[in-house]
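Given next, in structure tokens, is a single chain: the form predicted alone.
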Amino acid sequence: MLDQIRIVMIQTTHPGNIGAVARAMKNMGLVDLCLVDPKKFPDPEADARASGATDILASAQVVSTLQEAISDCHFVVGTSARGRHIPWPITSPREMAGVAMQLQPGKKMAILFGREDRGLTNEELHQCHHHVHIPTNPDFSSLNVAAAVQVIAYELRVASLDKHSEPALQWGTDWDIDLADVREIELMFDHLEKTLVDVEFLDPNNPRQLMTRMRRLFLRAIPDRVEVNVMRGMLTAINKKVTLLNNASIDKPASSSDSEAQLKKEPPYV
């Protein structure tokens, strides 16, 4: 299971923190490190703080965007130290490790760690299925990023070494279809947003929080590939119907009753 976990660090400022994370990972048997737009890497300070875990640094992926880091992952967790305006499913590190034990063979789980000064943005957290919160002292809750990785990595290792418990079955049963990966889900969200605009349910000039709430709905369900394909098939059918109706309205001269009905139509809910 540990080989299926990817630690993702986003825009890390201090290279020493990258080295300390590599050390924490190697201590607990994790090997997959991905760095999103680090300020300084490679760097001698990262090597020094790694204290012998330079192989983790040498094999680390360095990418420009979060999407590159997680596009092939099937479950994404974001670390968050505070509540958000729109609540998201939250787990403890121990509960998160239990979820990791449910990963199907060959599937990837990404755990995101944000910037030293402000953590993850709301947009980055909206890419996640769940958020994980380390229950620190509320009077002094700020954790160094390497210390946070150490806590998470420890719980993952303990879960992987527990000989007395079998991995829990996803949703209480063997699942018949592979989970959709992030790339497939993001394509679905793009398709959904375009369709909602086309049917005038979403106002692109005043979107409010509609797509954020739709993200929460679908990510909370952890959809599999067939479910994502069914959803996109439904959207494609809607797209075709909208195109036919639009073409028919172009061919048909507007009557006074049509105009009155249009004026009376309620504005879309957003």
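Just so you know, these numbers come straight off a predicted model, no measurement behind them. Residue numbers run from 1 along the displayed sequence.
Not on display, but discussed next: the form predicted together with a small molecule.
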- Query: Though the small molecule is not shown, can you say which of Leu143, Leu103, Val199, Met188 has a heavy atom within 4.5 Å of it in the model of the complex?
  - Reply: Leu143
- Query: Just one of Ala180, Ala110, Ala97, Leu120 has a heavy atom within 4.5 angstroms of the small molecule in the model of the complex, so which one?
  - Reply: Leu120
- Contact between Lys194 and the small molecule in the model of the complex at 4.5 Å, heavy atoms? no
- Given that the partner is absent here, does Glu116 sit within 4.5 Å of the small molecule in the model of the complex, heavy atoms only? yes
- Considering only heavy atoms, tell me if His133 and the small molecule come within 4.5 Å of each other in the model of the complex. yes
- Does at least one non-hydrogen atom of Cys73 fall within 4.5 angstroms of the small molecule in the model of the complex? no
